[in-house]
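For reference, the chain that follows is the form predicted on its own, supplied as structure tokens.
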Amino acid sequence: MEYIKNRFYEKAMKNMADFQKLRKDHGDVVLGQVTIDQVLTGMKGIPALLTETSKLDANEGIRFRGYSLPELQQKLPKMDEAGEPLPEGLFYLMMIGEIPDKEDVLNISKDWATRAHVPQHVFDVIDALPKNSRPMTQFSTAIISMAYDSVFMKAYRAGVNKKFYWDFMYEDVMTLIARLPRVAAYIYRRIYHNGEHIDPNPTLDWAGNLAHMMGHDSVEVKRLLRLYMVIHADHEGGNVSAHATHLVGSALSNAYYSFAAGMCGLAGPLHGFANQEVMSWIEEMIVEIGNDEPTDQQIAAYIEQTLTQGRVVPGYGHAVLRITDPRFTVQQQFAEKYIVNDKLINTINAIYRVAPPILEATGKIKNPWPNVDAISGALLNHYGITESGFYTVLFGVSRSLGVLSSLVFDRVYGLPLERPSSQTMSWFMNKAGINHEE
């Protein structure tokens, strides 16, 4: 399996030479100005991070190493031509920068299968938590507990030269990604299936094995989880889970600590928890209307009511995108391809028809279009994964592919401790020419 690592090394060293030249010869190039509004509204739009794996365009959506989602659906290897892209192929693309062939993907699957053994102490830590602890609490705790095995931490303490940091981080990243399906499935079966666990099948691919260990062995569920793992894998470097992973990693924390920090961010309502809120909002609407097949008029009235109450319509809007999220579109196409007349998905499609004009008419919403969360829960629900409290864990398993790839690049480039300056309110008021005593 080392040939994947060797390919990464060859590519990364070329990138490293470019990085050093850029910093040495062009480090004083001014990228832009920062406004007070950008600082006070979450630093949106400030070019302040280096991320190789993906780029989000407000009017195009996500591109992974330059490839759009529709292109990846055509180009990435699949288990069979009728299926969905394998997430192992996306991981290869993010790391190497090239579309892999089927052999490359199968080799990553085999590598992860050899690393997938989860130490008993991790299960002991999970079992020590109350069974009704939130799934993301159990997931994040389990990730931190695996830091005991960090080869990066051991190498750092042994005094390894910093130019080799990436090598040991790579090993931690590969092992952590390999273990996540087992950990996630264990938590799922513990909470929702009386602790009746299912052993992994090392002959299956990464996402297929996750479906199997959760207890969902149909071909279509495996296809759905492969798609789910691809579309949730990365969203450039500034989103909360990616940035938190990078920030903690900048302190030379190991992959386990860094990724756990990212997962704590993912658990927030403004990030990965949003897919659960979509399901809750729809369930509340159906109960209030008294009809599990609401009309467009009923949906419109409920949206208006939601806005009047000062609430948002979950699954709609995005901090960067100004179009329908391509990740929503590919999931909608999945439903059209495999699912016939599902009431919940029909409702999702009706909301898509009704919501954008209403949201746009308020004049207050920059993006009235659906994001990835608007439909993902409905697809899982259709296939019997009805436990919406677990959806963010699945998001987290997927997000590991992007943020941990980036963590390896952080160590290749030797990116320093992230430490932006902060100022007081008085400082900002003075800059704006405001008399603080007025």
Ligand code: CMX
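Worth saying up front: this structure is predicted, and the values here are computed from it rather than measured. Don't overthink the numbering: it's just position in the shown sequence, from 1.
In what follows, reference is made to the form predicted in complex with carboxymethyldethia coenzyme *A, a form of this protein that is not presented.
*Asks:* Report whether the minimum heavy atom distance between Leu180 and carboxymethyldethia coenzyme *A in the predicted complex is within 4.5 Å.
*Replies:* Leu180: no, not in contact with carboxymethyldethia coenzyme *A in the predicted complex.
*Asks:* Though only this chain appears here, would Gly272 touch carboxymethyldethia coenzyme *A in the predicted complex if you measure heavy atom gaps against 4.5 Å?
*Replies:* Yes, Gly272 is a contact residue.
*Asks:* Would Asp410 sit within 4.5 Å of carboxymethyldethia coenzyme *A in the predicted complex, counting heavy atoms only?
*Replies:* It does not: once carboxymethyldethia coenzyme *A is placed as it appears in the predicted complex, Asp410 has no heavy atom within 4.5 Å of it.
*Asks:* Using the partner position in the predicted complex, report whether Lys366 sits within 4.5 Å of carboxymethyldethia coenzyme *A, counting heavy atoms only.
*Replies:* Yes - in the predicted complex, heavy atoms of Lys366 and carboxymethyldethia coenzyme *A come within 4.5 Å of each other.
*Asks:* Hey, of 154-162, 138-146, 272-280, 93-101, which bit sits against carboxymethyldethia coenzyme *A in the predicted complex at 4.5 Å between non-hydrogen atoms?
*Replies:* Only one stretch qualifies here: 272-280.
*Asks:* Taking carboxymethyldethia coenzyme *A in the predicted complex, would Tyr316, Ala319 and Asp373 all count as contacting it (heavy atom within 4.5 Å)?
*Replies:* Per the other structure, all of Tyr316, Ala319 and Asp373 touch carboxymethyldethia coenzyme *A.
*Asks:* Which of Arg353, Arg311, Lys337, Lys131 has a heavy atom within 4.5 Å of carboxymethyldethia coenzyme *A in the predicted complex?
*Replies:* Looking at Arg353, Arg311, Lys337, Lys131 one by one, just Arg311 meets the 4.5 Å heavy-atom criterion.
*Asks:* Could you check which residue among Leu307, Ile323, Ile198, Leu106 gets a heavy atom within 4.5 Å of carboxymethyldethia coenzyme *A in the predicted complex?
*Replies:* Here the answer is residue option Leu307.
*Asks:* Counting only non-hydrogen atoms and a 4.5 Å cut-off, give the residues of 103-123 close to carboxymethyldethia coenzyme *A in the predicted complex.
*Replies:* Residues within 4.5 Å: none.
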